[in-house]
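Subsequent text provides structure tokens for two forms of one protein chain, presented individually as structure 1 and structure 2.
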Structure 1
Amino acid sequence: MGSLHKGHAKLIKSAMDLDATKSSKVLVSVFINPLQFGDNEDFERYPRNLENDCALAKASGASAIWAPSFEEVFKGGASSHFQLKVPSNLEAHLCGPKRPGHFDGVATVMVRLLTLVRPQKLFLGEKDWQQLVILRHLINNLGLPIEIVGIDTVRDADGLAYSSRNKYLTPEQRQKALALPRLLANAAKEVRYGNSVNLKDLQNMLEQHNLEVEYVETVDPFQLQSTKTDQKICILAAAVNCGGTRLIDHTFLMPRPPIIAIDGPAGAGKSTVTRALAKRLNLIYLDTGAMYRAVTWLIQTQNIDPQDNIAVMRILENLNLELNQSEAGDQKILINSHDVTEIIRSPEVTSFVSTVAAINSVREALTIQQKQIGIKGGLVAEGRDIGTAVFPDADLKIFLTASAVERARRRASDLKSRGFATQDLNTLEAEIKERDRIDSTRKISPLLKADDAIELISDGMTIENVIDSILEIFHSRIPKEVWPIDHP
């Protein structure tokens, strides 16, 4: 709505950066929408400085700025146009009850602007979280071919979230207002330490800083319904009045860092994708498939019959399995002090790993280790039952697959790059199909797609395409301000 600041600049720069070819046009719209102001709100005095807005937009990389009049957007007046009504459940909490009609005005003008402009992508700040969620629902329900890209909240050096209305604050009022982001951040920290948040106490602390509290609530981030603070992720939001200036802010409460579980059949590219995704998100890479391969190698080198339960149990009792990760993100697999990183990818291990993975005692031992690694969260894990048996509570589950023909081609390429002899593609395809049959029909932890997993078929996609697709899904579940790419 104008009076652009560094938060808006980040939206523009993010739009520019997303297009590697720099061939797209970035349009900035400035329109102070009277439909979203209440009778006693600040429409008349809302900050307006189009000259400064044009300068900031240009400096940030915008292709054009569009500042239409009300008549240009609503020819003949608002009464001559359809006006939308936001579903009551999306405005039952947070700003909705105190600002009746506000989000109806937002939805109405957004549909009008989008109809006129017809963009491919719409960049919106996560600071106005409730507005962002409502617009996501709106675009989805109307079937508009527009992708919404949320950009995390930008804060000034003192911690106050950038807002056009911050200009109303006197220096003294601004100092009082800093209690809002500080107390919210402290609450998020307490949750990470395993403590709970008392909303009444939080309200009292805000009031002690002479802030008039409109609401302090925790809601589900995507349906905006009231929820408890012990959920996997929820949003803690507050609105306060400071010297007559209404300020909103929020934080996300997440008891542990996220877990991403990537399942799928052999040869679907799980290891490559998981390793790269973990690096992009600065999460731990857990290659469960390598763990089963390492045990398979050990059983083979010791000439143990996999049907000999006593012998298998004996090596499991003395098992020392290590997954060490370098700063560069490379992983070394050691079993009983032997570096088996490369040898476990050999055809001999590959052809036998399904048999070993079906042994109950092996799965039990390795599942216990994997769950122990995942207690604190913060990892991307791959395997054939990672989302069903090991991490059923993962924040995101991806079932990554590809046709048998595609997987055979990838397998041949991988063997060649590692210096192993390659078989013809028909033989590899037959072996892959047989392995799928074994993995999906075994009694112990069969290959299954979890009910809440998202299937991603990677035929014709590059590794980077797959990673970008998963990141897009991830940030639809975990907002960027909670866990941005290259999270520190």
Structure 2
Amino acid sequence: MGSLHKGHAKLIKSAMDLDATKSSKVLVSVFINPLQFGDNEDFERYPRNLENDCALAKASGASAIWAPSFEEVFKGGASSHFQLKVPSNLEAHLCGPKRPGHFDGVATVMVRLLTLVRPQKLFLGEKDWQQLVILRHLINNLGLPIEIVGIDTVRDADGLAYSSRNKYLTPEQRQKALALPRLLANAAKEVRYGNSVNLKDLQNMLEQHNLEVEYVETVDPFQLQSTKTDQKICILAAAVNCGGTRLIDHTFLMPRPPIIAIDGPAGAGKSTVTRALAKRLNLIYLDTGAMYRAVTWLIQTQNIDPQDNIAVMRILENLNLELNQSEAGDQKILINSHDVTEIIRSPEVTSFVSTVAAINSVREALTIQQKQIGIKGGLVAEGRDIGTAVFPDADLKIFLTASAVERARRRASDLKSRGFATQDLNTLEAEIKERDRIDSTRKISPLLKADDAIELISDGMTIENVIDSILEIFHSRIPKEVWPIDHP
């Protein structure tokens, strides 16, 4: 909406930097959108300074600035245009209830601007987190071929997030306003130390600084719903009124490092993707399929009938399953001190593992161990039931799949690279379909896409494409600022 500041400058610079080909143009739009202001809000006095905006956009590297009139955007007037309605769940919290119609106005104008410009990418600030999330849902929902890139909040040296409305603050008011970022940052620190945050206390502290509190809330970062657990990463957001100026800010509460769940059928590329993600985000890699394979190997080598519950229970009681991760991110699997890393990939184990993975006692024992490994968070786990049964509180759930033909092709090349004899593609495809059938029809924890998982179909995508897509989705929920690639 203009009155550009350092936050906008960062959006422009990031757009320039992210274009590896340097052939794209960065367009800055300046449009003070009347549809997103309520009757008693500051549309009339909102700061306008197009001359400065042009200078800042140019200095930051923009190719052009576009400041259309109201008529250029809404030919025939606003009332002759379609108005969008944001789904009520996305505006049920934070600014939504306090600013009725605001996000509808934002959505309506954004779709109009985007269809006029048709950009490849849209750079938006993370400071307006709810707006960013709503626009991600909108673009996804309408299937617009535009990638949204969120850029982290830029703060002034005193900690106040840049906002065009900061211009309204007198020096005294600004001093008071600083309590907002300071108290939010303190809360985030407390949570990192294992303490909890009392929202009522936080509100009282803000009020002690003469800030009139509109809301202090915690919501999950993507669906913007109240969080049911204090075990999950969430957003702590607040809006205050400081001498007539409305200020918003937020922080992330991280009671534990992130958990990513990657489920899906055999051969969808889960292992390669999960290992690479763990390495890029510096998280532990947990291959739960390897655990089922190791138990299968043990049952096979001890000639145990999987139907013999007592014999299986005996094996589980004495089970010592170790997953050791090397510096390079590779995982060694030891069962009762035998290194089975390679042998569990053999066709013999592969053809029997679904049967063993369907045994209740095996699933119970391994699920307990997996939950234990993830108790402090900080991992990427792959399997079939990670998002549904093992880590239902995961911060990101991906259901990675591919057609059976594609998975058979990949399995053949995997077997070849491991030195095992390959079967013909039709046999492999039939085997894969049979494994899918057993895995998805078993009684406990069947292979199932969790309701809140994102499905990625990897046919025609390279492994790098899949990893990049998942990283992008991850960072749309837990920004780079909070958990960067190559996290230390």
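Numbers follow structure 1, counted from its first residue as 1. As the structure is a computational prediction, the values presented were derived from the model and not from experiment.
Structure identified as the form predicted together with ligand DC: The form predicted together with ligand DC is shown as structure 2.
With the chain divided into two rigid parts according to how it moves between structure 1 and structure 2, are Asn465 and Lys279 grouped in the same part or not? Yes, both residues sit in one rigid part.
Smaller-part rotation in degrees, where the chain is treated as two rigid parts between structure 1 and structure 2: Relative rotation between the rigid parts: 29 degrees.
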